[in-house]
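As structure tokens, one chain now follows by itself in the form predicted alone.
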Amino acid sequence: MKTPTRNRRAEILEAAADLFAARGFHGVSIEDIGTAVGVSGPALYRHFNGKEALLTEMLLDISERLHEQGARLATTADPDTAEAALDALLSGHIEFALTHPALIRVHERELDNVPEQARRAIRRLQRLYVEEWVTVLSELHPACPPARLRAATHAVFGLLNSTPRSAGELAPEAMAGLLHTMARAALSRL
């Protein structure tokens, strides 16, 4: 059997994310996803074992990508470059939030529909991503306790991940600038 191409899998994942965000996991059938990508519903079983497997891969994939990006952007412990690392982390997360609002909605609403073992893996990746931010913030605010830095990181994620509800009226560049300015302000007084 031929292995499905990454592009086809990505196309299916993107269509499913849009549908899950709009109608909820239980409001979408395999047939709906198939129709969205121009194949029969049963043809999707060549790519995924089912809707749950599709949701699981979707949320694992974005969690892995965010963690890998965060690790790459926060690789320095040099205080002279911590400001640049924070700006890079902010820009990377803002770009994600503006280009993938459906994934944010799906994560917010549907994580409980992922099997427990995979859900734990997703949460672990998310914790690791947060710790990348905490590492950078600790360089900028060495006297601040890690728990406070972690709480601030989660609060900033709340701001940045508001894009499914807040980004509609501004052009993406303007929204990115606004989010960056607001997040920097929030993180400047820890």
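What you see is a predicted model; the values in this text were computed from it and never measured. If you superpose the two forms and keep the largest set of C-alpha atoms that fall within 1.5 Å, you have the rigid core. Numbering starts at 1 and runs along the sequence shown.
Same protein, other form: the form predicted together with another copy of the chain, not shown, and the subject of what follows.
Colleague: So which of 42 to 50, 60 to 68, 29 to 37, 157 to 165 is the stretch with heavy atoms within 4.5 Å of another copy of the chain in the model of the complex?
Modeller: Selected range: 157 to 165.
Colleague: Would you please decide whether L140 lies within 4.5 angstroms of another copy of the chain in the model of the complex, comparing each non-hydrogen atom pair?
Modeller: Although another copy of the chain is absent here, L140 would stay clear of it in the model of the complex, with no heavy atoms inside 4.5 Å.
Colleague: Is A17 a contact residue for another copy of the chain in the model of the complex, using a 4.5 Å heavy atom cut-off?
Modeller: So A17 does not count as contacting another copy of the chain.
Colleague: Is R124 close enough to another copy of the chain in the model of the complex to count, meaning some heavy atom within 4.5 Å?
Modeller: Although another copy of the chain is absent here, R124 would stay clear of it in the model of the complex, with no heavy atoms inside 4.5 Å.
Colleague: So, A22 and another copy of the chain: in the model of the complex, are they within 4.5 Å at any heavy atom pair?
Modeller: Although another copy of the chain is absent here, A22 would touch it in the model of the complex, with heavy atoms inside 4.5 Å.
Colleague: Are there residues in 134 to 151 with a heavy atom within 4.5 Å of another copy of the chain in the model of the complex, and which are they, in order?
Modeller: Those in contact are A147, R148, R150, A151.
Colleague: Superposing on the rigid core, do we see a C-alpha displacement of 2 Å or more at D87 between this form and the one not shown?
Modeller: No, because once the rigid core is superposed, the C-alpha of D87 moves less than 2 Å between this form and the one not shown.
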